[in-house]
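Heads up, the chain below is alone and in the form predicted alone; it's given as C-alpha coordinates.
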(Lines give C-alpha, C1' and ligand atoms only; values in the text may rest on other atoms or scores of the structure.)
Protein backbone atom coordinates (compact mmCIF):
# COMPACT_ATOMS: atom_id res chain seq x y z
CA UNK A 1 0.00 0.00 0.00
CA UNK A 2 1.51 3.32 -1.04
CA UNK A 3 1.85 6.08 1.57
CA UNK A 4 1.12 8.66 -1.13
CA UNK A 5 -2.54 7.57 -1.27
CA UNK A 6 -3.44 9.68 1.73
CA UNK A 7 -1.17 12.69 1.35
CA UNK A 8 -2.62 16.15 0.92
CA UNK A 9 -1.04 18.82 -1.23
CA UNK A 10 0.22 20.55 1.91
CA UNK A 11 1.52 18.05 4.45
CA UNK A 12 2.93 20.08 7.33
CA UNK A 13 2.02 23.41 8.85
CA UNK A 14 5.55 24.56 9.51
CA UNK A 15 7.41 26.18 12.37
CA UNK A 16 6.66 28.50 15.22
CA UNK A 17 9.19 31.12 14.20
CA UNK A 18 8.40 34.56 12.88
CA UNK A 19 8.77 35.15 9.13
CA UNK A 20 12.32 35.91 8.17
CA UNK A 21 13.87 34.58 11.40
CA UNK A 22 15.44 31.69 9.50
CA UNK A 23 15.09 30.10 6.11
CA UNK A 24 12.20 27.73 5.58
CA UNK A 25 14.67 25.03 4.51
CA UNK A 26 16.51 25.30 7.84
CA UNK A 27 13.35 24.97 9.90
CA UNK A 28 12.12 22.12 7.70
CA UNK A 29 15.40 20.24 8.14
CA UNK A 30 15.33 20.67 11.92
CA UNK A 31 11.69 19.60 12.06
CA UNK A 32 12.29 16.56 9.86
CA UNK A 33 15.05 15.49 12.23
CA UNK A 34 12.90 15.55 15.37
CA UNK A 35 9.19 15.44 14.44
CA UNK A 36 7.35 12.83 12.37
CA UNK A 37 5.22 13.71 9.37
CA UNK A 38 1.96 11.77 9.34
CA UNK A 39 0.69 9.40 6.63
CA UNK A 40 3.98 9.70 4.73
CA UNK A 41 7.33 8.08 4.26
CA UNK A 42 9.47 10.71 5.94
CA UNK A 43 11.75 11.30 2.96
CA UNK A 44 8.72 11.93 0.72
CA UNK A 45 7.09 14.60 2.89
CA UNK A 46 6.91 18.08 1.31
CA UNK A 47 6.34 20.49 4.19
CA UNK A 48 5.50 24.16 3.97
CA UNK A 49 6.32 26.77 6.59
CA UNK A 50 2.98 28.50 7.19
CA UNK A 51 3.53 31.89 8.80
CA UNK A 52 0.08 33.44 8.80
CA UNK A 53 -3.31 33.58 7.20
CA UNK A 54 -6.65 35.28 6.94
CA UNK A 55 -9.99 33.81 5.96
CA UNK A 56 -9.58 31.24 3.20
CA UNK A 57 -5.94 32.14 2.55
CA UNK A 58 -2.64 31.42 4.20
CA UNK A 59 0.90 32.66 3.62
CA UNK A 60 4.12 30.67 3.55
CA UNK A 61 7.60 31.82 4.52
CA UNK A 62 8.54 32.39 0.88
CA UNK A 63 5.76 34.99 0.60
CA UNK A 64 3.40 32.81 -1.44
CA UNK A 65 -0.36 33.37 -1.12
CA UNK A 66 -2.19 30.04 -0.89
CA UNK A 67 -5.89 29.36 -1.23
CA UNK A 68 -6.98 26.86 1.39
CA UNK A 69 -9.42 24.61 -0.46
CA UNK A 70 -8.91 21.82 2.09
CA UNK A 71 -9.60 23.74 5.32
CA UNK A 72 -6.20 22.52 6.48
CA UNK A 73 -7.20 19.00 7.62
CA UNK A 74 -10.91 19.50 6.86
CA UNK A 75 -11.19 21.34 10.18
CA UNK A 76 -10.62 25.07 9.54
CA UNK A 77 -14.32 25.87 9.09
CA UNK A 78 -13.78 29.41 10.44
CA UNK A 79 -10.73 30.00 8.27
CA UNK A 80 -7.38 31.42 9.27
CA UNK A 81 -6.67 34.15 11.81
CA UNK A 82 -10.26 34.52 12.97
CA UNK A 83 -10.27 37.46 15.41
CA UNK A 84 -12.96 36.05 17.70
CA UNK A 85 -11.21 32.72 18.05
CA UNK A 86 -7.87 34.37 18.73
CA UNK A 87 -9.38 36.60 21.40
CA UNK A 88 -11.32 33.75 23.04
CA UNK A 89 -8.28 31.50 23.30
CA UNK A 90 -6.07 34.31 24.60
CA UNK A 91 -8.66 34.99 27.29
CA UNK A 92 -8.94 31.29 28.15
CA UNK A 93 -5.18 30.83 28.32
CA UNK A 94 -4.78 33.93 30.49
CA UNK A 95 -7.06 32.36 33.10
CA UNK A 96 -4.44 29.62 33.53
CA UNK A 97 -7.10 27.17 34.58
CA UNK A 98 -6.04 23.61 35.26
CA UNK A 99 -8.86 21.14 35.59
CA UNK A 100 -9.21 17.42 36.19
CA UNK A 101 -12.01 15.48 34.46
CA UNK A 102 -14.68 16.00 37.14
CA UNK A 103 -14.00 19.74 37.52
CA UNK A 104 -16.81 22.27 37.10
CA UNK A 105 -16.19 25.53 35.22
CA UNK A 106 -18.37 27.85 33.09
CA UNK A 107 -17.01 27.03 29.61
CA UNK A 108 -17.52 23.31 30.23
CA UNK A 109 -21.12 23.88 31.27
CA UNK A 110 -21.77 26.20 28.35
CA UNK A 111 -20.14 23.83 25.84
CA UNK A 112 -22.50 21.04 26.87
CA UNK A 113 -25.52 23.33 26.67
CA UNK A 114 -24.60 24.65 23.23
CA UNK A 115 -23.96 21.17 21.84
CA UNK A 116 -27.44 20.15 22.98
CA UNK A 117 -28.82 23.26 21.24
CA UNK A 118 -27.29 22.68 17.80
CA UNK A 119 -27.45 18.88 17.48
CA UNK A 120 -30.63 17.02 16.41
CA UNK A 121 -33.51 17.00 18.91
CA UNK A 122 -33.35 14.25 21.52
CA UNK A 123 -29.58 14.43 22.01
CA UNK A 124 -28.65 16.07 25.28
CA UNK A 125 -25.53 14.94 27.11
CA UNK A 126 -21.94 15.11 25.84
CA UNK A 127 -18.61 13.40 26.43
CA UNK A 128 -15.94 15.97 25.50
CA UNK A 129 -12.59 14.64 24.28
CA UNK A 130 -9.74 15.72 22.01
CA UNK A 131 -10.29 14.24 18.55
CA UNK A 132 -12.64 12.49 16.17
CA UNK A 133 -10.96 9.12 16.71
CA UNK A 134 -11.48 9.47 20.47
CA UNK A 135 -15.08 10.52 19.94
CA UNK A 136 -15.78 7.45 17.81
CA UNK A 137 -13.89 5.16 20.21
CA UNK A 138 -16.02 6.31 23.11
CA UNK A 139 -19.25 6.14 21.13
CA UNK A 140 -18.56 2.49 20.32
CA UNK A 141 -17.60 1.78 23.94
CA UNK A 142 -20.84 3.37 25.15
CA UNK A 143 -22.87 1.35 22.65
CA UNK A 144 -21.26 -1.87 23.83
CA UNK A 145 -21.75 -0.94 27.50
CA UNK A 146 -25.43 -0.07 27.00
CA UNK A 147 -26.36 -3.08 24.86
CA UNK A 148 -24.01 -5.76 26.19
CA UNK A 149 -23.32 -6.73 22.56
CA UNK A 150 -20.00 -6.65 20.71
CA UNK A 151 -20.48 -6.43 16.91
CA UNK A 152 -20.41 -3.12 15.04
CA UNK A 153 -21.56 -2.63 11.44
CA UNK A 154 -19.61 -0.10 9.32
CA UNK A 155 -19.45 0.77 5.64
CA UNK A 156 -17.09 -0.74 3.09
CA UNK A 157 -15.60 2.67 2.24
CA UNK A 158 -15.31 4.70 5.42
CA UNK A 159 -12.93 6.36 7.84
CA UNK A 160 -13.48 6.71 11.58
CA UNK A 161 -10.03 7.61 12.90
CA UNK A 162 -6.41 6.53 13.22
CA UNK A 163 -6.48 4.56 16.46
CA UNK A 164 -6.18 0.81 16.12
CA UNK A 165 -9.85 0.20 16.93
CA UNK A 166 -11.15 2.93 14.64
CA UNK A 167 -8.92 1.86 11.77
CA UNK A 168 -10.45 -1.60 12.24
CA UNK A 169 -13.92 -0.10 11.82
CA UNK A 170 -12.82 1.96 8.82
CA UNK A 171 -13.11 0.51 5.35
CA UNK A 172 -10.18 2.74 4.45
CA UNK A 173 -7.12 0.91 3.01
CA UNK A 174 -4.98 2.44 5.78
CA UNK A 175 -6.31 -0.30 8.07
CA UNK A 176 -4.55 -3.05 6.10
CA UNK A 177 -1.16 -2.75 7.83
CA UNK A 178 -2.78 -3.34 11.23
CA UNK A 179 -5.09 -6.27 10.52
CA UNK A 180 -6.35 -8.26 12.29
CA UNK A 181 -7.68 -5.50 14.48
CA UNK A 182 -10.84 -5.03 16.51
CA UNK A 183 -12.98 -8.19 16.39
CA UNK A 184 -16.68 -8.07 15.60
CA UNK A 185 -16.57 -5.62 12.66
CA UNK A 186 -19.16 -6.28 9.95
CA UNK A 187 -19.44 -4.46 6.59
CA UNK A 188 -22.34 -3.02 4.62
CA UNK A 189 -22.26 -1.25 1.25
CA UNK A 190 -21.88 2.47 0.51
CA UNK A 191 -24.20 5.02 -1.13
CA UNK A 192 -21.65 5.38 -3.96
CA UNK A 193 -24.01 6.44 -6.73
CA UNK A 194 -21.36 6.95 -9.45
CA UNK A 195 -20.29 3.32 -9.07
CA UNK A 196 -23.40 1.91 -7.41
CA UNK A 197 -22.52 -1.27 -5.50
CA UNK A 198 -25.98 -2.72 -6.14
CA UNK A 199 -26.20 -1.81 -9.83
CA UNK A 200 -28.79 0.98 -9.64
CA UNK A 201 -28.87 4.39 -11.29
CA UNK A 202 -30.16 7.64 -9.76
CA UNK A 203 -33.45 7.10 -11.63
CA UNK A 204 -33.97 3.55 -10.43
CA UNK A 205 -32.58 4.00 -6.91
CA UNK A 206 -34.86 2.90 -4.07
CA UNK A 207 -32.17 3.03 -1.38
CA UNK A 208 -31.10 -0.56 -2.00
CA UNK A 209 -27.73 0.31 -0.43
CA UNK A 210 -29.60 1.05 2.81
CA UNK A 211 -31.61 -2.16 2.44
CA UNK A 212 -28.30 -4.03 2.50
CA UNK A 213 -27.99 -3.03 6.16
CA UNK A 214 -31.23 -4.86 6.92
CA UNK A 215 -29.86 -7.98 5.22
CA UNK A 216 -26.57 -7.71 7.14
CA UNK A 217 -28.33 -7.40 10.50
CA UNK A 218 -30.57 -10.37 9.76
CA UNK A 219 -27.57 -12.46 8.72
CA UNK A 220 -25.46 -11.54 11.76
CA UNK A 221 -28.32 -11.68 14.24
CA UNK A 222 -29.41 -8.30 15.62
CA UNK A 223 -28.98 -9.53 19.20
CA UNK A 224 -25.21 -9.67 18.59
CA UNK A 225 -24.90 -6.14 17.13
CA UNK A 226 -24.30 -3.17 19.44
CA UNK A 227 -24.35 -0.43 16.83
CA UNK A 228 -24.21 0.70 13.24
CA UNK A 229 -21.68 3.50 12.64
CA UNK A 230 -21.94 5.63 9.50
CA UNK A 231 -20.40 8.92 8.41
CA UNK A 232 -23.11 11.53 7.84
CA UNK A 233 -21.55 11.94 4.41
CA UNK A 234 -18.59 9.74 3.52
CA UNK A 235 -15.65 12.15 3.59
CA UNK A 236 -12.09 11.09 2.89
CA UNK A 237 -13.19 8.00 0.97
CA UNK A 238 -15.10 9.80 -1.74
CA UNK A 239 -17.75 12.35 -0.60
CA UNK A 240 -20.77 10.13 -1.15
CA UNK A 241 -23.88 12.25 -0.66
CA UNK A 242 -26.71 9.80 0.04
CA UNK A 243 -30.06 10.39 -1.66
CA UNK A 244 -32.76 11.97 0.48
CA UNK A 245 -34.53 9.35 2.56
CA UNK A 246 -31.42 7.19 2.95
CA UNK A 247 -30.79 8.18 6.58
CA UNK A 248 -34.48 7.82 7.44
CA UNK A 249 -34.35 4.25 6.14
CA UNK A 250 -31.22 3.54 8.21
CA UNK A 251 -32.98 4.91 11.28
CA UNK A 252 -36.03 2.70 10.66
CA UNK A 253 -33.91 -0.41 10.11
CA UNK A 254 -31.97 0.14 13.33
CA UNK A 255 -35.19 0.76 15.27
CA UNK A 256 -36.78 -2.37 13.85
CA UNK A 257 -33.84 -4.51 14.97
CA UNK A 258 -33.14 -2.73 18.26
CA UNK A 259 -29.63 -1.64 17.21
CA UNK A 260 -28.07 1.70 18.12
CA UNK A 261 -27.23 4.15 15.33
CA UNK A 262 -24.02 6.21 15.52
CA UNK A 263 -23.65 9.15 13.14
CA UNK A 264 -19.99 10.06 12.62
CA UNK A 265 -20.17 13.78 11.85
CA UNK A 266 -16.48 14.44 12.52
CA UNK A 267 -15.88 15.75 9.00
CA UNK A 268 -19.42 16.62 7.89
CA UNK A 269 -20.51 18.56 10.96
CA UNK A 270 -20.69 22.23 11.99
CA UNK A 271 -22.06 23.68 8.79
CA UNK A 272 -19.81 21.87 6.32
CA UNK A 273 -22.79 20.52 4.31
CA UNK A 274 -25.03 23.58 4.61
CA UNK A 275 -26.78 22.23 7.72
CA UNK A 276 -25.38 21.92 11.23
CA UNK A 277 -24.98 18.18 10.62
CA UNK A 278 -25.40 15.99 7.54
CA UNK A 279 -28.18 13.93 9.17
CA UNK A 280 -30.21 17.15 9.43
CA UNK A 281 -30.84 16.96 5.68
CA UNK A 282 -33.03 13.91 6.41
CA UNK A 283 -34.35 15.13 9.75
CA UNK A 284 -32.89 12.12 11.59
CA UNK A 285 -31.76 11.85 15.21
CA UNK A 286 -29.15 9.12 15.75
CA UNK A 287 -28.65 7.51 19.16
CA UNK A 288 -25.11 8.85 19.34
CA UNK A 289 -23.50 11.59 17.26
CA UNK A 290 -19.74 12.15 17.14
CA UNK A 291 -17.96 15.33 16.18
CA UNK A 292 -14.53 16.99 16.01
CA UNK A 293 -12.73 19.06 13.33
CA UNK A 294 -15.20 21.96 12.84
CA UNK A 295 -16.20 21.65 16.50
CA UNK A 296 -13.34 24.01 17.40
CA UNK A 297 -12.63 25.36 13.93
CA UNK A 298 -9.16 23.82 14.20
CA UNK A 299 -8.11 26.36 16.84
CA UNK A 300 -7.77 23.74 19.59
CA UNK A 301 -7.92 19.95 19.77
CA UNK A 302 -11.50 18.90 20.34
CA UNK A 303 -13.97 16.07 19.91
CA UNK A 304 -17.27 15.06 21.46
CA UNK A 305 -19.96 12.39 21.59
CA UNK A 306 -23.51 13.51 22.31
CA UNK A 307 -26.07 10.86 23.22
CA UNK A 308 -29.80 10.34 23.54
CA UNK A 309 -31.59 10.62 26.86
CA UNK A 310 -31.99 6.84 26.97
CA UNK A 311 -28.24 6.29 26.77
CA UNK A 312 -27.51 9.11 29.20
CA UNK A 313 -29.92 7.62 31.75
CA UNK A 314 -28.23 4.21 31.49
CA UNK A 315 -25.08 5.69 32.99
CA UNK A 316 -26.93 7.23 35.92
CA UNK A 317 -26.64 3.84 37.62
CA UNK A 318 -23.96 2.10 35.56
CA UNK A 319 -20.29 3.07 35.49
CA UNK A 320 -19.26 5.00 32.38
CA UNK A 321 -15.97 3.23 31.73
CA UNK A 322 -14.61 5.99 29.51
CA UNK A 323 -12.18 8.78 30.30
CA UNK A 324 -8.94 10.59 29.51
CA UNK A 325 -6.54 12.96 31.26
CA UNK A 326 -7.47 16.01 29.19
CA UNK A 327 -11.21 15.32 29.28
CA UNK A 328 -13.12 18.58 28.64
CA UNK A 329 -9.89 20.58 28.73
CA UNK A 330 -10.49 24.28 29.49
CA UNK A 331 -9.00 25.47 26.17
CA UNK A 332 -11.06 22.92 24.24
CA UNK A 333 -14.27 24.00 25.97
CA UNK A 334 -13.53 27.68 25.36
CA UNK A 335 -12.93 26.94 21.66
CA UNK A 336 -16.20 24.98 21.39
CA UNK A 337 -18.20 27.82 22.97
CA UNK A 338 -16.70 30.50 20.73
CA UNK A 339 -16.92 28.37 17.56
CA UNK A 340 -20.64 27.71 17.99
CA UNK A 341 -21.30 31.36 18.86
CA UNK A 342 -19.37 32.54 15.80
CA UNK A 343 -21.12 30.11 13.43
CA UNK A 344 -24.49 31.30 14.73
CA UNK A 345 -23.71 35.03 14.81
CA UNK A 346 -22.18 35.06 11.32
CA UNK A 347 -24.81 32.78 9.74
CA UNK A 348 -22.13 30.40 8.49
CA UNK A 349 -24.41 27.37 8.14
CA UNK A 350 -26.67 29.31 5.80
CA UNK A 351 -23.63 30.77 4.07
CA UNK A 352 -22.24 27.29 3.40
CA UNK A 353 -25.53 26.26 1.80
CA UNK A 354 -25.52 29.33 -0.47
CA UNK A 355 -21.86 28.95 -1.42
CA UNK A 356 -22.53 25.27 -2.10
CA UNK A 357 -24.91 26.23 -4.90
CA UNK A 358 -22.19 28.50 -6.29
CA UNK A 359 -19.62 25.71 -6.13
CA UNK A 360 -22.01 23.23 -7.76
CA UNK A 361 -22.49 25.53 -10.75
CA UNK A 362 -18.84 26.45 -11.16
CA UNK A 363 -17.43 22.96 -10.60
CA UNK A 364 -19.89 21.58 -13.16
CA UNK A 365 -18.68 24.19 -15.62
CA UNK A 366 -15.05 23.32 -14.81
CA UNK A 367 -15.82 19.68 -15.62
CA UNK A 368 -17.75 20.47 -18.81
CA UNK A 369 -14.63 21.28 -20.80
CA UNK A 370 -12.27 18.90 -18.99
CA UNK A 371 -13.12 15.26 -19.76
CA UNK A 372 -10.64 14.07 -17.15
CA UNK A 373 -13.32 14.95 -14.57
CA UNK A 374 -15.73 12.02 -14.57
CA UNK A 375 -18.06 13.26 -11.84
CA UNK A 376 -18.57 16.31 -9.65
CA UNK A 377 -20.36 15.48 -6.40
CA UNK A 378 -20.92 17.17 -3.10
CA UNK A 379 -23.05 19.50 -1.05
CA UNK A 380 -22.47 22.75 0.80
CA UNK A 381 -18.73 23.23 1.20
CA UNK A 382 -17.78 19.57 0.73
CA UNK A 383 -17.08 18.38 -2.81
CA UNK A 384 -15.07 15.82 -4.75
CA UNK A 385 -13.92 15.53 -8.35
CA UNK A 386 -13.53 11.95 -9.54
CA UNK A 387 -10.79 11.86 -12.17
CA UNK A 388 -11.06 9.31 -14.98
CA UNK A 389 -9.41 8.40 -18.23
CA UNK A 390 -11.26 10.63 -20.74
CA UNK A 391 -14.16 8.86 -22.43
CA UNK A 392 -14.42 6.19 -19.72
CA UNK A 393 -15.09 5.62 -16.05
CA UNK A 394 -11.71 4.03 -15.52
CA UNK A 395 -9.85 5.77 -12.67
CA UNK A 396 -7.18 8.15 -13.89
CA UNK A 397 -3.70 6.66 -13.71
CA UNK A 398 -1.78 7.50 -10.51
CA UNK A 399 1.06 9.24 -12.34
CA UNK A 400 -1.43 11.58 -14.04
CA UNK A 401 -3.08 12.40 -10.70
CA UNK A 402 0.37 13.11 -9.26
CA UNK A 403 1.07 15.59 -12.08
CA UNK A 404 -2.23 17.35 -11.42
CA UNK A 405 -1.43 17.54 -7.71
CA UNK A 406 1.99 19.00 -8.50
CA UNK A 407 0.30 21.61 -10.69
CA UNK A 408 -2.09 22.54 -7.89
CA UNK A 409 0.87 23.07 -5.62
CA UNK A 410 2.58 25.28 -8.20
CA UNK A 411 -0.58 27.36 -8.35
CA UNK A 412 -0.71 27.50 -4.55
CA UNK A 413 -3.97 25.65 -4.04
CA UNK A 414 -4.11 23.52 -0.90
CA UNK A 415 -6.55 20.63 -1.19
CA UNK A 416 -6.62 16.93 -0.43
CA UNK A 417 -6.17 14.16 -2.97
CA UNK A 418 -6.70 10.46 -2.65
CA UNK A 419 -6.32 7.87 -5.41
CA UNK A 420 -8.19 9.44 -8.37
CA UNK A 421 -10.07 12.00 -6.25
CA UNK A 422 -9.59 15.69 -5.59
CA UNK A 423 -11.47 17.11 -2.61
CA UNK A 424 -12.71 20.70 -2.35
CA UNK A 425 -13.62 21.83 1.17
CA UNK A 426 -12.89 25.54 1.68
CA UNK A 427 -13.51 27.32 4.99
CA UNK A 428 -17.10 28.43 5.47
CA UNK A 429 -15.85 32.03 5.59
CA UNK A 430 -14.51 31.89 2.01
CA UNK A 431 -15.78 34.62 -0.29
CA UNK A 432 -17.20 34.10 -3.75
CA UNK A 433 -14.02 35.78 -5.00
CA UNK A 434 -11.88 33.21 -3.18
CA UNK A 435 -13.86 30.37 -4.74
CA UNK A 436 -13.70 31.88 -8.23
CA UNK A 437 -9.95 32.45 -8.00
CA UNK A 438 -9.37 28.95 -6.65
CA UNK A 439 -11.30 27.38 -9.50
CA UNK A 440 -9.28 29.38 -12.04
CA UNK A 441 -6.08 28.08 -10.45
CA UNK A 442 -7.46 24.54 -10.45
CA UNK A 443 -8.43 24.84 -14.09
CA UNK A 444 -4.92 25.97 -14.99
CA UNK A 445 -3.39 22.99 -13.15
CA UNK A 446 -5.74 20.56 -14.89
CA UNK A 447 -5.03 22.10 -18.29
CA UNK A 448 -1.28 21.94 -17.81
CA UNK A 449 -1.51 18.23 -17.01
CA UNK A 450 -4.02 17.43 -19.75
CA UNK A 451 -1.46 17.18 -22.54
CA UNK A 452 -0.10 13.99 -20.97
CA UNK A 453 -3.51 12.40 -20.31
CA UNK A 454 -4.55 10.02 -23.09
CA UNK A 455 -8.18 9.05 -23.82
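Quick caveat, the model's predicted, so the values are computed rather than measured. Positions refer to the first chain, counted from 1.
Missing here is the form predicted in complex with a small molecule; even so, the following discussion is about that form.
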Counting only non-hydrogen atoms, which stretch in 279 to 287, 86 to 94, 205 to 213, 158 to 166 is within 4.5 Å of the small molecule in the predicted complex? 158 to 166
Tell me, which of 147, 131, 126, 308 has a heavy atom within 4.5 angstroms of the small molecule in the predicted complex? 131
Heavy atom within 4.5 Å of the small molecule in the predicted complex: which of 266, 250, 352, 334 fits that? Just give me the one. 266
Quick one: is residue 338 in contact with the small molecule in the predicted complex, heavy atoms, 4.5 Å cut-off? no
With heavy atoms only and a cut-off of 4.5 Å, decide whether residue 136 touches the small molecule in the predicted complex. yes
